[in-house]
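Before any questions on how it binds or moves, here is one chain, the form predicted on its own, in structure tokens.
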């Protein structure tokens, strides 16, 4: 009715932000890419089987490293999950980063009973990167798999995350598919369950296919040992998983997302906890992509077009469009004040329609899900407010805090001494 009354051009004028940016990037580009991914997977199915055969023929040692603080209550479940893996030629290294609970007692008991190969305790907390690097110094595997202690893994997860290295020798790191285990716990976890299924999982499948995948998750990621040694392991975070992915990309190696390698994690169950987590995540975009790795944008001897596009896409859709959304809001307020109630309702309708389309259609391209898509149907309208308002506002606050105050260096997620040192040397 509205379209017939005002015409298509007026419709585009009012809803340009949705049609030109959100719909094109997250519906059209994603759908076309998923079709090509499906076709390529079918066309290369025998190559995949051959890579799997060569993995089993070689049986390389895989070092599974799990750094963490106060994770003792999760370790037994983790070791049980790993003992059920199809791929068993691995060593398990647990690093206790200065825990003040029973982690040390639990891990020593598990080591004594053969569940853990190496247990190292740092008496003084050094942070997640320090724990991972401690494990790296012990590791002897050809590949290193970094896990979070509070996750559980499909029985073929380790096998599936190693296979891509045998499909393409230029692959340096592989990211696993992280799903939400506690999606039924609250509205907050359900919204994140929807987000991980759609924006994160599908988003990473598409960015991997396009060659611009940029974050190997710290919860489940695999790396070539020789390359980890070349980049000298992990630098201090937050955002250390995205940082090390960029370091691998700068070496000229491909990064792959493997949706068939699945782990499940528990996400924050209140908006307060979620806000704290996302503030930390979003600050890392400014700290790492705009400061530490800003050389990606400039021509030099090791300039890479794919790295440039990867950064540009990330910054355009998370930073520039975040600012542009406020320009759009101002445009509507000043130029279409009388139509505002209609514009708000229509925007909710458009975004809800797009989310529903993605939930139903993209489900055809997922080989593994942890929840029936029908469970998320009632949350489709809420995703408009979750993505469009809540996450956007949190992201804006994070950018301001990091741009002007370098707040990430004050985050208690890292020990104060390491943050001070990181600030001194500019990482």
Partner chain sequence: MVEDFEKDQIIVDGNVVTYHNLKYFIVEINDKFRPDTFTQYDVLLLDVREESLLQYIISQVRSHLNPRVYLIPIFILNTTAYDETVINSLSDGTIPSINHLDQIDPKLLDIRARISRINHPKVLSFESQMINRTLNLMYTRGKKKLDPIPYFHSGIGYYYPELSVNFNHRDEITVLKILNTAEDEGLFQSEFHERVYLCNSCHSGYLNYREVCPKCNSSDATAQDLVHHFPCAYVGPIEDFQNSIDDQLDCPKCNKTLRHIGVDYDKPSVLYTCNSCHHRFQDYYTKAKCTTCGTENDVEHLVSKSIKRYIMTKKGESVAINGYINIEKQLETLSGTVTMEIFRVLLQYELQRLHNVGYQTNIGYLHVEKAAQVGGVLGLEKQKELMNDLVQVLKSNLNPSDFVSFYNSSTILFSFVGTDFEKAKSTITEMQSLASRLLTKSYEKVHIGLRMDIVSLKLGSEVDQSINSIVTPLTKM
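Positions refer to the first chain, counted from 1. Because the structure is a prediction, the values reported are computed rather than measured.
Same protein, other form: the form predicted together with its partner chain, not shown, and the subject of what follows.
Only one listed stretch (320-328, 347-355, 187-195, 234-242) carries heavy atoms within 4.5 Å of its partner chain in the model of the complex, and that stretch is 234-242. Using a 4.5 Å cutoff between non-hydrogen atoms, residue 168 does not count as a contact of its partner chain in the model of the complex. Proximity of residue 337 to its partner chain in the model of the complex: non-hydrogen atoms within 4.5 Å are absent; the residue sits far from the partner.
Put simply, residue 305 is far from its partner chain in the model of the complex: not one heavy atom of it is within 4.5 Å. Interface residue remark: residue 342 is not counted as part of the site for its partner chain in the model of the complex, having no heavy atom within 4.5 Å. Exactly one listed residue, out of 250, 276, 108, 73, brings a non-hydrogen atom to within 4.5 Å of its partner chain in the model of the complex: 108.
120 is the sole member of 333, 120, 227, 312 with a non-hydrogen atom lying within 4.5 angstroms of its partner chain in the model of the complex.
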